[in-house]
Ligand code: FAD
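Encoded as C-alpha coordinates, the following chain is the form predicted alone, with no partner shown.
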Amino acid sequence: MTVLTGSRSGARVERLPLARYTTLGVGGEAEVWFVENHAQLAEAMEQPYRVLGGGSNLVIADEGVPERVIRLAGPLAERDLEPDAALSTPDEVVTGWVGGGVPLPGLIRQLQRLGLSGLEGTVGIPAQVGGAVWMNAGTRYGEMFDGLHTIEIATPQGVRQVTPADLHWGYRDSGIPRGHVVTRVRLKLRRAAPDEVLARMDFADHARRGQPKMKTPGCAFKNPGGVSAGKLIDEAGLKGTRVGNALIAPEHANFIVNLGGATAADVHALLDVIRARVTVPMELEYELWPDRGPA
(Lines give C-alpha, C1' and ligand atoms only; values in the text may rest on other atoms or scores of the structure.)
Protein backbone atom coordinates (compact mmCIF):
# COMPACT_ATOMS: atom_id res chain seq x y z
CA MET A 1 0.00 0.00 0.00
CA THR A 2 1.28 3.46 -0.92
CA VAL A 3 -0.44 6.50 0.61
CA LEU A 4 -0.58 9.36 -1.89
CA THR A 5 -0.97 13.06 -1.15
CA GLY A 6 -2.26 16.07 -3.01
CA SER A 7 -6.04 15.93 -2.61
CA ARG A 8 -7.34 19.49 -2.16
CA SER A 9 -10.62 18.30 -0.68
CA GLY A 10 -9.16 15.95 1.91
CA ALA A 11 -9.98 12.67 0.18
CA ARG A 12 -7.83 9.72 1.21
CA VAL A 13 -5.82 8.50 -1.77
CA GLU A 14 -3.81 5.25 -1.83
CA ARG A 15 -2.25 2.99 -4.43
CA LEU A 16 -3.73 -0.45 -3.78
CA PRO A 17 -4.22 -3.87 -5.38
CA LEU A 18 -7.82 -4.02 -6.64
CA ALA A 19 -8.09 -7.79 -6.16
CA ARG A 20 -8.97 -7.21 -2.51
CA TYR A 21 -12.10 -5.30 -3.55
CA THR A 22 -13.55 -7.83 -6.01
CA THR A 23 -15.58 -10.98 -5.41
CA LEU A 24 -13.44 -12.80 -8.00
CA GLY A 25 -10.22 -11.87 -6.20
CA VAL A 26 -8.18 -10.77 -9.22
CA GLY A 27 -6.96 -7.38 -10.38
CA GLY A 28 -3.80 -5.30 -10.36
CA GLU A 29 -3.03 -1.95 -8.73
CA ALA A 30 -4.60 1.47 -9.18
CA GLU A 31 -4.83 4.85 -7.48
CA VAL A 32 -7.84 4.55 -5.19
CA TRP A 33 -9.80 7.59 -3.96
CA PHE A 34 -11.96 7.13 -0.87
CA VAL A 35 -14.51 9.93 -1.14
CA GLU A 36 -16.90 10.94 1.66
CA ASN A 37 -18.77 13.90 0.18
CA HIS A 38 -19.66 15.60 -3.08
CA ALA A 39 -16.65 17.94 -2.99
CA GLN A 40 -14.22 15.04 -2.74
CA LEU A 41 -16.08 13.17 -5.45
CA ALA A 42 -16.01 16.19 -7.75
CA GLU A 43 -12.23 16.43 -7.34
CA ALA A 44 -11.77 12.72 -7.98
CA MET A 45 -13.81 13.06 -11.18
CA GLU A 46 -11.52 15.77 -12.58
CA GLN A 47 -9.32 13.07 -14.14
CA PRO A 48 -10.33 9.83 -15.91
CA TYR A 49 -11.90 7.53 -13.32
CA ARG A 50 -13.80 4.35 -12.62
CA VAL A 51 -16.14 3.61 -9.72
CA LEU A 52 -15.66 0.42 -7.70
CA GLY A 53 -18.49 -0.73 -5.44
CA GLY A 54 -18.97 -4.26 -4.15
CA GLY A 55 -16.68 -5.66 -6.85
CA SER A 56 -19.10 -8.26 -8.24
CA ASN A 57 -19.81 -8.66 -11.99
CA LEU A 58 -16.31 -7.32 -12.54
CA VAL A 59 -13.05 -8.68 -13.99
CA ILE A 60 -10.07 -6.33 -13.55
CA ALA A 61 -6.93 -6.82 -15.62
CA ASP A 62 -3.88 -8.29 -13.92
CA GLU A 63 -1.96 -5.09 -14.65
CA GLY A 64 -4.66 -2.94 -13.02
CA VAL A 65 -6.07 0.19 -14.64
CA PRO A 66 -4.51 3.60 -15.34
CA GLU A 67 -7.57 5.60 -14.24
CA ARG A 68 -8.38 6.73 -10.73
CA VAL A 69 -10.65 4.27 -8.92
CA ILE A 70 -13.35 5.85 -6.73
CA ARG A 71 -14.76 4.20 -3.60
CA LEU A 72 -17.70 5.82 -1.76
CA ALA A 73 -17.02 6.07 1.97
CA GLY A 74 -18.09 7.95 5.11
CA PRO A 75 -21.52 9.62 4.78
CA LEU A 76 -21.83 8.27 1.23
CA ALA A 77 -21.76 4.77 2.75
CA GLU A 78 -24.35 5.43 5.47
CA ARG A 79 -28.12 4.84 5.54
CA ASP A 80 -31.15 6.67 6.92
CA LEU A 81 -34.16 4.35 6.83
CA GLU A 82 -36.50 6.57 8.83
CA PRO A 83 -39.75 7.21 6.93
CA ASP A 84 -39.97 10.64 5.36
CA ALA A 85 -43.22 11.93 6.84
CA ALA A 86 -43.92 14.21 3.89
CA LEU A 87 -43.62 11.40 1.32
CA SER A 88 -44.76 8.28 3.18
CA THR A 89 -48.27 6.90 3.61
CA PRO A 90 -49.74 4.34 6.06
CA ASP A 91 -49.00 1.56 3.55
CA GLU A 92 -45.89 2.86 1.82
CA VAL A 93 -42.59 4.18 3.20
CA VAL A 94 -40.20 6.54 1.47
CA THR A 95 -36.94 6.48 3.38
CA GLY A 96 -34.26 9.04 4.00
CA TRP A 97 -31.08 8.91 1.93
CA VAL A 98 -29.15 5.66 1.54
CA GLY A 99 -25.55 6.08 0.39
CA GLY A 100 -24.29 4.42 -2.77
CA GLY A 101 -21.48 2.84 -0.75
CA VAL A 102 -23.86 0.91 1.54
CA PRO A 103 -23.46 -2.88 1.17
CA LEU A 104 -26.67 -4.29 -0.27
CA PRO A 105 -26.79 -7.58 1.73
CA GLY A 106 -26.75 -5.77 5.09
CA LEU A 107 -29.33 -3.27 3.87
CA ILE A 108 -31.73 -6.04 2.81
CA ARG A 109 -31.42 -7.71 6.22
CA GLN A 110 -32.14 -4.42 8.00
CA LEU A 111 -35.18 -3.73 5.81
CA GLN A 112 -36.53 -7.16 6.75
CA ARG A 113 -36.20 -6.44 10.45
CA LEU A 114 -38.04 -3.14 9.94
CA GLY A 115 -40.87 -4.84 8.05
CA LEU A 116 -40.17 -3.04 4.75
CA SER A 117 -40.85 -5.00 1.57
CA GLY A 118 -39.88 -4.45 -2.04
CA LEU A 119 -36.23 -5.41 -2.38
CA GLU A 120 -36.13 -8.91 -0.91
CA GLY A 121 -35.76 -10.34 -4.42
CA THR A 122 -32.21 -8.93 -4.47
CA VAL A 123 -31.16 -11.00 -1.42
CA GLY A 124 -27.69 -12.47 -1.72
CA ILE A 125 -26.37 -10.08 -4.37
CA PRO A 126 -22.85 -9.05 -3.22
CA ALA A 127 -23.05 -5.42 -4.32
CA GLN A 128 -23.12 -1.91 -2.97
CA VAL A 129 -26.26 0.15 -3.47
CA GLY A 130 -24.78 2.49 -6.08
CA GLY A 131 -23.54 -0.27 -8.35
CA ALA A 132 -26.70 -2.32 -7.86
CA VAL A 133 -28.81 0.66 -8.95
CA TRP A 134 -26.50 1.51 -11.87
CA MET A 135 -26.94 -1.95 -13.40
CA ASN A 136 -30.43 -2.58 -11.96
CA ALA A 137 -29.14 -5.72 -10.27
CA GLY A 138 -31.64 -8.41 -9.46
CA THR A 139 -32.81 -11.98 -9.73
CA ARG A 140 -35.88 -13.62 -11.22
CA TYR A 141 -37.69 -12.56 -8.02
CA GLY A 142 -37.00 -8.84 -8.13
CA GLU A 143 -34.62 -6.03 -9.02
CA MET A 144 -33.40 -2.73 -7.59
CA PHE A 145 -35.89 -0.57 -9.47
CA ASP A 146 -38.70 -2.34 -7.60
CA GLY A 147 -37.87 -0.21 -4.57
CA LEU A 148 -36.53 3.15 -5.74
CA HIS A 149 -38.09 6.57 -5.21
CA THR A 150 -35.28 9.02 -6.01
CA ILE A 151 -31.75 8.57 -7.34
CA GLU A 152 -29.01 11.12 -6.78
CA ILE A 153 -26.44 11.11 -9.58
CA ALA A 154 -23.10 12.93 -9.74
CA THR A 155 -21.48 13.93 -13.01
CA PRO A 156 -18.47 16.13 -13.74
CA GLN A 157 -21.02 18.90 -14.34
CA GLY A 158 -22.66 18.57 -10.92
CA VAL A 159 -25.19 16.61 -8.88
CA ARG A 160 -28.82 16.03 -9.88
CA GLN A 161 -31.77 13.97 -8.69
CA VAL A 162 -33.95 11.80 -10.91
CA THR A 163 -36.77 9.32 -10.47
CA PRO A 164 -37.16 5.92 -12.17
CA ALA A 165 -39.73 7.53 -14.47
CA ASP A 166 -36.97 9.81 -15.81
CA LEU A 167 -34.85 6.85 -16.94
CA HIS A 168 -35.18 4.24 -19.68
CA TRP A 169 -34.44 1.32 -17.37
CA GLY A 170 -34.90 -2.39 -17.97
CA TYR A 171 -33.33 -5.82 -17.49
CA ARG A 172 -29.89 -5.30 -15.88
CA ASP A 173 -29.85 -1.72 -17.12
CA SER A 174 -30.76 1.49 -15.27
CA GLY A 175 -30.44 3.77 -18.26
CA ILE A 176 -27.86 5.80 -16.32
CA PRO A 177 -24.96 6.48 -18.69
CA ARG A 178 -21.29 5.91 -18.03
CA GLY A 179 -19.56 8.86 -16.44
CA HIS A 180 -22.36 9.16 -13.87
CA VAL A 181 -22.03 8.03 -10.25
CA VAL A 182 -25.00 6.94 -8.14
CA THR A 183 -24.22 8.66 -4.84
CA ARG A 184 -27.45 8.20 -2.84
CA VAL A 185 -31.00 6.93 -3.21
CA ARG A 186 -34.33 7.16 -1.45
CA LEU A 187 -36.19 3.86 -1.24
CA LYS A 188 -39.94 3.39 -1.76
CA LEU A 189 -41.12 0.27 0.08
CA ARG A 190 -44.28 -1.40 1.33
CA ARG A 191 -45.02 -2.04 4.98
CA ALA A 192 -45.25 -5.75 5.80
CA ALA A 193 -44.79 -8.12 8.71
CA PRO A 194 -41.08 -8.94 9.18
CA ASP A 195 -41.88 -12.67 9.05
CA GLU A 196 -43.55 -12.22 5.65
CA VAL A 197 -40.53 -10.36 4.29
CA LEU A 198 -38.21 -13.05 5.67
CA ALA A 199 -40.27 -15.78 4.01
CA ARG A 200 -39.94 -14.05 0.63
CA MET A 201 -36.19 -13.63 1.18
CA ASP A 202 -35.84 -17.32 2.02
CA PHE A 203 -37.80 -18.29 -1.08
CA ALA A 204 -35.60 -16.15 -3.33
CA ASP A 205 -32.43 -17.33 -1.59
CA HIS A 206 -33.41 -20.99 -1.90
CA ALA A 207 -33.30 -20.73 -5.69
CA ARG A 208 -29.68 -19.55 -5.44
CA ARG A 209 -28.40 -22.41 -3.31
CA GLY A 210 -27.19 -24.36 -6.33
CA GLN A 211 -24.77 -21.58 -7.18
CA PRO A 212 -21.05 -22.02 -6.41
CA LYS A 213 -19.70 -20.74 -3.08
CA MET A 214 -16.15 -20.04 -4.28
CA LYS A 215 -14.79 -16.65 -5.38
CA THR A 216 -16.78 -15.60 -8.45
CA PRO A 217 -17.95 -12.38 -10.14
CA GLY A 218 -21.44 -13.85 -10.53
CA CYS A 219 -23.22 -14.84 -13.74
CA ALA A 220 -20.95 -14.45 -16.76
CA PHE A 221 -23.60 -13.90 -19.45
CA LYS A 222 -27.07 -12.40 -19.61
CA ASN A 223 -29.85 -14.80 -20.56
CA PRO A 224 -30.38 -14.32 -24.32
CA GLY A 225 -34.04 -13.90 -25.20
CA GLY A 226 -35.21 -15.48 -21.99
CA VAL A 227 -33.15 -18.66 -22.57
CA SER A 228 -30.88 -19.71 -19.71
CA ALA A 229 -27.25 -18.85 -20.50
CA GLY A 230 -26.14 -21.51 -18.03
CA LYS A 231 -28.18 -24.15 -19.87
CA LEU A 232 -26.60 -23.17 -23.20
CA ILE A 233 -23.08 -23.39 -21.76
CA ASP A 234 -23.90 -26.72 -20.09
CA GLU A 235 -25.29 -28.13 -23.35
CA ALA A 236 -22.02 -27.14 -25.04
CA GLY A 237 -20.28 -29.54 -22.64
CA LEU A 238 -18.29 -26.84 -20.87
CA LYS A 239 -19.08 -27.46 -17.20
CA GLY A 240 -15.82 -28.12 -15.35
CA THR A 241 -13.62 -26.62 -18.09
CA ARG A 242 -10.49 -25.11 -16.54
CA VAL A 243 -7.88 -22.62 -17.66
CA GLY A 244 -5.12 -22.04 -15.14
CA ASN A 245 -6.88 -21.61 -11.81
CA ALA A 246 -10.19 -20.41 -13.26
CA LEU A 247 -13.00 -22.94 -13.67
CA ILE A 248 -16.47 -23.04 -15.23
CA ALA A 249 -18.35 -24.14 -12.12
CA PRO A 250 -19.71 -27.71 -12.08
CA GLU A 251 -22.66 -26.46 -10.00
CA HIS A 252 -23.80 -23.84 -12.55
CA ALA A 253 -22.22 -23.35 -15.96
CA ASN A 254 -22.84 -19.59 -16.08
CA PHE A 255 -20.39 -19.04 -13.22
CA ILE A 256 -16.62 -18.83 -13.45
CA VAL A 257 -14.84 -19.42 -10.14
CA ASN A 258 -11.36 -18.71 -8.80
CA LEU A 259 -9.82 -21.93 -7.49
CA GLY A 260 -7.08 -19.88 -5.83
CA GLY A 261 -4.47 -17.82 -7.63
CA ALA A 262 -6.49 -17.37 -10.83
CA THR A 263 -5.62 -14.46 -13.07
CA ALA A 264 -7.78 -12.20 -15.19
CA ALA A 265 -6.08 -13.77 -18.22
CA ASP A 266 -7.40 -17.19 -17.10
CA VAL A 267 -10.94 -15.81 -16.88
CA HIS A 268 -10.74 -14.12 -20.28
CA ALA A 269 -9.53 -17.39 -21.83
CA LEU A 270 -12.57 -19.21 -20.43
CA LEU A 271 -14.91 -16.51 -21.72
CA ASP A 272 -13.35 -16.95 -25.17
CA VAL A 273 -13.91 -20.71 -24.98
CA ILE A 274 -17.58 -20.16 -24.14
CA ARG A 275 -18.08 -17.67 -26.97
CA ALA A 276 -16.45 -20.08 -29.42
CA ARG A 277 -18.58 -23.08 -28.41
CA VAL A 278 -22.02 -21.54 -27.76
CA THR A 279 -23.67 -20.69 -31.07
CA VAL A 280 -26.36 -18.40 -29.61
CA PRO A 281 -25.04 -14.82 -29.25
CA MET A 282 -24.84 -13.89 -25.55
CA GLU A 283 -24.12 -10.53 -24.01
CA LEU A 284 -21.48 -10.49 -21.30
CA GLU A 285 -22.79 -9.59 -17.85
CA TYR A 286 -19.32 -8.91 -16.44
CA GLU A 287 -17.80 -5.47 -16.71
CA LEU A 288 -14.22 -5.71 -17.94
CA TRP A 289 -11.52 -3.27 -16.77
CA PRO A 290 -10.13 -2.19 -19.21
CA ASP A 291 -12.79 -2.95 -21.81
CA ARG A 292 -11.46 -5.51 -24.30
CA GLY A 293 -13.89 -4.41 -26.99
CA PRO A 294 -16.06 -6.76 -29.08
CA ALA A 295 -15.28 -10.47 -28.87
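Start at 1 and count along the sequence shown; that's the residue number. Note that the structure is a prediction, hence the values are computed from the model and not measured.
Missing here is the form predicted together with flavin-adenine dinucleotide; even so, the following discussion is about that form.
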Report summary line: Answer among 192 to 200, 84 to 92, 110 to 118, 179 to 187 for heavy atoms within 4.5 Å of flavin-adenine dinucleotide in the predicted complex: the stretch 179 to 187
Requested in this report: Consider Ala262 of the chain shown here, and say whether it contacts flavin-adenine dinucleotide in the predicted complex, taking contact as heavy atoms within 4.5 Å.
Outcome: no
Query raised in the report: Closest heavy atom of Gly131 to flavin-adenine dinucleotide in the predicted complex, within 4.5 Å or not?
Result: yes
Query raised in the report: Does any heavy atom of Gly53 come within 4.5 Å of a heavy atom of flavin-adenine dinucleotide in the predicted complex?
Result: yes
Query raised in the report: Does flavin-adenine dinucleotide get within 4.5 angstroms of any non-hydrogen atom of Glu14 in the predicted complex?
Result: no
Report summary line: The one option of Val243, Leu58, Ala61, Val32 with any heavy atom within 4.5 Å of flavin-adenine dinucleotide in the predicted complex is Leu58
**Report entry** Residue among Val98, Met135, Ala73, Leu167 with a heavy atom within 4.5 Å of flavin-adenine dinucleotide in the predicted complex
**Finding:** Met135
